[in-house]
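Single chain ahead, written as structure tokens, the form predicted on its own.
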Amino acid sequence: MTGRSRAERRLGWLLCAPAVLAMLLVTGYPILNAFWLSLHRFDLRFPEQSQFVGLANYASVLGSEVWWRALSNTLIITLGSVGLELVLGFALALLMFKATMGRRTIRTVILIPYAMITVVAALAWKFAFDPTTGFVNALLNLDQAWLSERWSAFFVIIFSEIWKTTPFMALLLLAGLTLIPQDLLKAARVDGATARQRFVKITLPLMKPTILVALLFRTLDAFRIFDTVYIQTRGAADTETVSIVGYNVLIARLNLGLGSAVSVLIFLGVLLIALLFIKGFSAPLTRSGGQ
């Protein structure tokens, strides 16, 4: 590395330092405070009984059937929504990329759901699937109480998530499609490669980092799902997620110690997902040379 490169690198770190310091203060302190509270018995209803209990709160959470059932529910929603969003998002990204007429109109229409507030979208689909006032039962000629049974409630929650966030996935994948060298695809077409071969052999490998980022963002977001479930079922019909459990313990029951333990476990889950994605895809997150 030359002297000029070292100077530019040092200047880069100095310019980033204020933002890094602000991020550490904003994110680091709450995380450390939550971990410290999770090591205490700290119930706001009985503050005089507060004391250091070590890992007892974690043992209580991990030994609870409620936690494991909520974790199972969270994984069902995460896998169901993110998997379908990737397929639909890819199809929409290809549609937006290939469209030659009305490209702006198509992109605007596709992105409308993502512009809506999540709470509004959750309420809209809750009313749509309502057995008395919604239009879904009338449209399908059914008499189904969708949000009163576990699997039909999961269907509504996952459907709402897919409808709301598939445009976000499509937008990220569209950005990846625009970075693929078109000369490479034209050369493959001249050599006789079919559309399927060009997609599998060229498009998918070149879009691997983009797919990783899209899946990572959406998986982390889906794992922390709270608002859609809270609005549509409030955890009823056995649809409670880990975030709902954290809310009930921390906010509804005012048990800061136990609720902080749940929050730390959710944070560790998010960290584990990020590491698994980076290792699993083996995608380079930095340029060669460690830059």
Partner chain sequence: MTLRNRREDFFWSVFGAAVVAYALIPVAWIVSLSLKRPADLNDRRFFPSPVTFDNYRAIFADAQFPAALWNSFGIALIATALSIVLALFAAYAVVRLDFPGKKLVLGGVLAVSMFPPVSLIGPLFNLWRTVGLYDTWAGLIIPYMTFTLPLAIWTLSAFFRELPWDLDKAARIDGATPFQAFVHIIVPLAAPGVFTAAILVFIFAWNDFLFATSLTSTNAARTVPAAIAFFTGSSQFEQPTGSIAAASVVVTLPVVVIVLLFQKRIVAGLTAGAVKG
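On a predicted model such as this, the values are computed, not experimentally measured, just so you know. Residue numbers count along the first chain shown, from 1. C-alpha atoms forming the largest set that superposes within 1.5 Å between two forms make up the rigid core.
Quick note: we don't show the form predicted in complex with its partner chain, though the next part is all about it.
Although the partner is absent here, residue 12 is a contact residue: one of its heavy atoms lies within 4.5 angstroms of its partner chain in the predicted bound form.
Contact annotation: residue 56 falls outside 4.5 Å of its partner chain in the predicted bound form, judged by heavy atom distances. In the predicted bound form, residue 33 approaches its partner chain with a heavy atom inside 4.5 Å. In the predicted bound form, its partner chain lies within 4.5 Å of some heavy atom of residue 243.
Residue-level contacts in the predicted bound form: of 66, 39, 237, 254, one residue has a heavy atom within 4.5 Å of its partner chain, and it is 254.
The single contact residue among 206, 212, 84, 172, judged by any heavy atom lying within 4.5 Å of its partner chain in the predicted bound form, is 172. Not one of 49, 61 and 219 is positioned with any heavy atom within 4.5 Å of its partner chain in the predicted bound form. Contacts to its partner chain in the predicted bound form (heavy atom within 4.5 Å) from stretch 12-30: 12, 13, 15, 16, 18, 19, 20, 22, 23, 26, 27, 29, 30. Remark: with the core as the superposition reference, the CA shift of residue 272 between the shown form and the other one stays below 2 Å. After superposing the rigid core, the Cα of residue 190 is displaced by 2 Å or more between the shown form and the other one. Once both forms are fitted on their core, a CA shift of 2 Å or more is seen for residue 26 between the shown form and the other one.
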